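Before any questions on binding or motion, here is one chain by itself as C-alpha cells, the form predicted on its own.
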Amino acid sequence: MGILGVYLRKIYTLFRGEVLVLPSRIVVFLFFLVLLFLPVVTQDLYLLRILILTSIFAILAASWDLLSGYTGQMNFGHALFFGVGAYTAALLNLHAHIPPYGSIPLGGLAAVLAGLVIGIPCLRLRGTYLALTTLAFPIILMGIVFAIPGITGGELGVSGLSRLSSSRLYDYYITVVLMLGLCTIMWKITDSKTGIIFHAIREDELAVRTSGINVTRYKLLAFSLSGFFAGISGGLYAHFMRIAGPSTLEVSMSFTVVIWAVFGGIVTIYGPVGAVFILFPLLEFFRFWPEFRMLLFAVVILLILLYMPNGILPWVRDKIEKECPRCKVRNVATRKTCRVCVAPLD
C-alpha cells in the first residue's frame, strides 16, 4: 500500500504540474475522458457510428498535418494512402483470410510503400509542382482499380469484409483508443528532434542541407510516417464499413482532408483532429436540411477561415493562453508573469 501511495502521489504531482497548468491541456484531458466514458451515458448506435467514423478520419487528417503541415510538402493526393490501406486490408482479409487485427497494420505498411513511391520522385519538387504531382497518384491508382475489376471489384469495390469486432460498442472503443494513441504518437514525433528537423525543412530547406542534415532521408521519413497512419485509418474504415471502393481514392477525399486541417489549424496535430470532431458531426447534423446541407457547411468553413485564418483551435488557444517572450513557455492568459522564468507577459 505504501508503494502504491508513492506512485499515486507521483502521478498526481505530474498531473498537477503538466496538465492543470494550462487550459488547453485541461480541455484535451476532458476530451479524452468524454470519448472514453461516453458509452457509459449512451450507447445510441447512430451516435456511436458517427463518432467511429469521426475518429477514423481524425487519424487521416492528423497524418496529413504530419507531412504537409510540418515539412511543407504539400500533398493534394493524401487519399492515395487512405485508399491503399483500405484496399490492402480488404484484399488480404478476403483472399488470405487475415483477420482485421492483422490486415489493418499490413494495410498501413502498404501505405508506407506508397509513401516511398510518391516521395522518391517528388524529392526535387516544391510548391505547386509538388501539389499537382501528388494529386495525380490517387487518380492513377483509381485507373488501375478500374482496369483490373477481377481483383479490385472495379466500380463496385471489394465488399463482404470481416467486421472490425463483434459489436458497435467494441468498434467504438477500438477506433477511439487507436485514434487517441496514434494522434498522441504523431504529436510526440513532432515534439521530438525529428519534428524540429521537419520544422526546419519547411522553413528553410537549403539551410538544413548546408548544416549537414540528410534532407532526403527526412522527407522520405515524413512521407512514410504519414502514409502509415493514413493507411491504418483506411484499414479501419474498410473493416468498419465492410467495403473498400473507389470512393476512398477520390480527389474530393484529398481536398476534404486539407479543409479539415486548415480549418482546425495546421502544424498542430490537435488542430485537424479537433476540426474533424467539429465538422464531421456538423455535416451529419445538416442532413436535416438536405437542400441546403452543403451550402451551410461551406458558409461555416468560409466564416471560420475568414476571421480565423490560422485555424479555429489556435485562435481559441491564443485567447486563453499567452506565450512568454523570453522562454517561449505558454501561460494562462490572466497571468502577468511567466510561470517558469517570471518574465512579464504584457
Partner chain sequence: MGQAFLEIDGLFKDFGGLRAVDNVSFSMNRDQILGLIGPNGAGKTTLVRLITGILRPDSGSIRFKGKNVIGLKTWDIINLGIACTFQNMRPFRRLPIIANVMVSCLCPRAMKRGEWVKRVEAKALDALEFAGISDMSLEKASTLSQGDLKRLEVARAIATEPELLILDEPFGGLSPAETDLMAKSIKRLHKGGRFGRLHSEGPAMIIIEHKLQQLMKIVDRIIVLNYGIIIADGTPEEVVNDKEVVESYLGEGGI
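Because the structure is predicted, anything quoted here is derived from the model rather than measured. Residue numbers count along the first chain shown, from 1.
Only in words, not in the display: the form predicted together with the partner chain, which the text now covers.
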- Listed range touching the partner chain, judged in the model of the complex by heavy atoms within 4.5 Å, from 81-89, 206-214, 102-110, 167-175: 206-214
- Message: Can you tell me if Lys193 lies within 4.5 angstroms of the partner chain in the model of the complex, counting non-hydrogen atoms only?
- Response: yes
- For Ala200, is any heavy atom within 4.5 Å of the partner chain in the model of the complex, or not? yes
- Query: With the cut-off set at 4.5 Å between non-hydrogen atoms, does Val19 touch the partner chain in the model of the complex?
  - Reply: no
- Query: Is there any non-hydrogen atom of Cys327 lying within 4.5 Å of the partner chain in the model of the complex?
  - Reply: yes
